[in-house]
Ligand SMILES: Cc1cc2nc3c(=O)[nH]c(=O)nc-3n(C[C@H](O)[C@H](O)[C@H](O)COP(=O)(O)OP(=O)(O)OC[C@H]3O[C@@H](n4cnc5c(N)ncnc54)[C@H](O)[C@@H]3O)c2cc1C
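One chain comes next, on its own, written out as structure tokens in the form predicted alone.
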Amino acid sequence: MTATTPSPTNPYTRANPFPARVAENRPLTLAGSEKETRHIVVDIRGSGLSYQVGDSLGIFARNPAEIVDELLQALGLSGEETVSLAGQTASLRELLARQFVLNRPTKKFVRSLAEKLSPGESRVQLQALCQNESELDAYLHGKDYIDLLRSYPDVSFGADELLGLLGRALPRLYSIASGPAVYPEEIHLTVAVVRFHAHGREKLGLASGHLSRQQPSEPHELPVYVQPAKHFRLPEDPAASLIMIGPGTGVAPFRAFLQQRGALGHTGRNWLFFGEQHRATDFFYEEEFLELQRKGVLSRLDTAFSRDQAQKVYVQHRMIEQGAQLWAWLQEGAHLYVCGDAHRMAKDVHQALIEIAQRFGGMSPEDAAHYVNVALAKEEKRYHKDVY
């Protein structure tokens, strides 16, 4: 079953999301942190939605009203213009708020902007930028449509013309950070808020910024649906051991795993590797994890706070430090899970596994790579990734 297929257990889908609400919104990072990460509780009471650990929640975000207003002002439009999109008619203001990405200009828009400029140096320069992808990427870094339109105030676009140049907004998937056995009518999320200053203005990520602004005390709707996981599931055997590697917001599904295993009385051991910048400000769910340790649900907890010492230490370093024990767990049938950044962390963890197979399993480089890539991942299906 996919998330776009209604069922008796999940009547709401990507095409027909449930109008949920945020019931809790609190910071996980403490004062002094270089980041902003928040714990968001989504109330799904009355929806009929169900979920499993490993699933994700699809969120449909809205652009802030002030961004829509600034964009309309820069374009000289009222926002009340009636526009048709995909067979639906609505005001331009409403379509800009919920259907389009306004914080990242498309290259199609920039090229159209260049064509509209009056002949002269500005037009030549912008058209030259449009011919060089890397230079255009560098130019657009941190900019949104408002920045561009303020740089070229003599250019205007009609409502229909504008919508044809914007990028469509897609739902943002967040790993679910709660166990349904504990929270059947809530879905918890661990959200890293993208927030930065550029070109004289504060900028926010579309989905994370939207979630960060939702206050439980204020009326609002948050359209959501459950996206089932295909391979990121708990083992069928409740006695199986788990090794979970989730730095940063990658810890979200493992909070769910631990809640679920604890609630259902699973007897398998659980080992968590968590990493962030500073222990004092960035140890998400610290008290919860320490309590799970006291209860015996969390068998081992290894942390890597990269900025707390002169030399940066990451989860893959902790894995190698504990390589003998980690290898022993794998030989005893443990399942290994990785969640988080696909570009660097997941690759580094993967290489650490191969190194552990060599150093502690006595394998050649070729055999170690085959063990991790083929035997563990494909044949035994004990190496699971949820990376993005």
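Bear in mind that the values here come from a model prediction, so they are computed numbers and not experimental data. Residues carry their position along the shown sequence, with the first being 1.
One more form of this protein exists, namely the form predicted in complex with this ligand; it is left out here, but the text below deals with it.
Put simply, of Arg213, Arg201, Arg172, Arg123 only one has a heavy atom within 4.5 Å of this ligand in the model of the complex, and it is Arg172. Residue Asn103 is the only one of Gln293, Thr281, Ser241, Asn103 with a heavy atom lying within 4.5 Å of this ligand in the model of the complex. Contact with this ligand in the model of the complex holds for none of Ala181, Arg300 and Tyr337, as no heavy atom of theirs lies within 4.5 Å. The closest non-hydrogen atom of Leu136 lies beyond 4.5 Å of this ligand in the model of the complex.
Remark: Gly205 counts among the residues lining this ligand in the model of the complex, judged by a heavy atom distance of 4.5 Å or less. In the model of the complex, this ligand stays beyond 4.5 Å of every heavy atom belonging to Arg168. Taking the partner from elsewhere, Arg150 is found to have every heavy atom lying beyond 4.5 Å of this ligand in the model of the complex. Residue heavy atoms within 4.5 Å of this ligand in the model of the complex occur in exactly one stretch of 259-267, 156-164, 84-92, 173-181, and that stretch is 173-181. Shown without its partner, the chain has Asp386, Tyr388 in segment 367-388 as residues with a non-hydrogen atom within 4.5 angstroms of this ligand in the model of the complex.
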